[in-house]
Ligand SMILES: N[C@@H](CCC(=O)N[C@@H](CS)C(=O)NCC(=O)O)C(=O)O
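Starting off, we have a lone chain in the form predicted alone, written out as structure tokens.
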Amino acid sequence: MKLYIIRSACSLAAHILVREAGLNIDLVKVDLATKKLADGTPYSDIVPKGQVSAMTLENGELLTENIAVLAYLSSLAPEHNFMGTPGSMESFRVLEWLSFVSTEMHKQIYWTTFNTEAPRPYKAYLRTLLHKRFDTLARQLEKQDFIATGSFTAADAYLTWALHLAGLLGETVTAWPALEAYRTRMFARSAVVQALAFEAAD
């Protein structure tokens, strides 16, 4: 199996999960500028959507979209309970926070912020929305150490990526102590440290 990753893109969440679970999956880097693999293969030849997250599965099938990839990876390591027990309230909480990061942060704010064609005034407005999202996250994290349940889940992997991207935008979360403490805990995790180092390496 192969997981395709672009440095600091949302595929970082899946990358973190792979390392958290110790899964035997090939990590294939995609150059953001050229949209090619190291061997020169155009990424679009493998993934017609041209985006991450994406995986080539053991049977050769292609799986795309971040939440789907995170759920699939979680199914390969059920002992870690990354998606919660199926049908349980915990599983719905994981879905709840995966959806929050995906819709309220990733697509609504980050996608437009990094879009070179988006108007600057609108980008500035989106930064104010990001701070409101920090408010919501901080309220949740004042009650517990992880965003969705009492342990590390796929939602934490996705949120860790979102906080990493906030840092790349120059946004800090020091004004939200519970969120800052969470960020510190997540970025100290071995899987996160290793994933970031791997993606940063040439």
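Fair warning: this is a prediction, and the values are worked out from it, not measured in the lab. Residue numbers here begin at 1 and follow the sequence given.
The same protein also exists as the form predicted in complex with the ligand; that form is not shown, yet it is the one meant from here on.
### Proximity to the ligand in the model of the complex (heavy atom, within 4.5 Å), stretch among 166-174, 63-71, 147-155, 133-141
Of the options, only 63-71 has residues within 4.5 Å of the partner.
### Message
How about I6 - does it come within 4.5 Å of the ligand in the model of the complex, if we only consider non-hydrogen atoms?
### Response
So I6 counts as contacting the ligand.
### Distance check, H80 to the ligand in the model of the complex, heavy atom within 4.5 Å
It does not: once the ligand is placed as it appears in the model of the complex, H80 has no heavy atom within 4.5 Å of it.
### Task
Spell out, yes or no, whether the shortest heavy atom distance between W111 and the ligand in the model of the complex is within 4.5 Å.
Taking the distances in the model of the complex, the answer for W111 is yes, it comes within 4.5 Å of the ligand.
#### Entry: Contact label in the model of the complex: P42 to the ligand, heavy atom within 4.5 Å
Contact check for P42: no, nothing within 4.5 Å of the ligand in the model of the complex.
### Query
Which residue among V192, L179, C10, V18 has a heavy atom within 4.5 angstroms of the ligand in the model of the complex?
Filtering the options by heavy-atom distance leaves C10.
### Query
Considering only 100-116, what residues come within 4.5 Å of the ligand in the model of the complex, judged by heavy atoms?
Result: H106, K107, W111.
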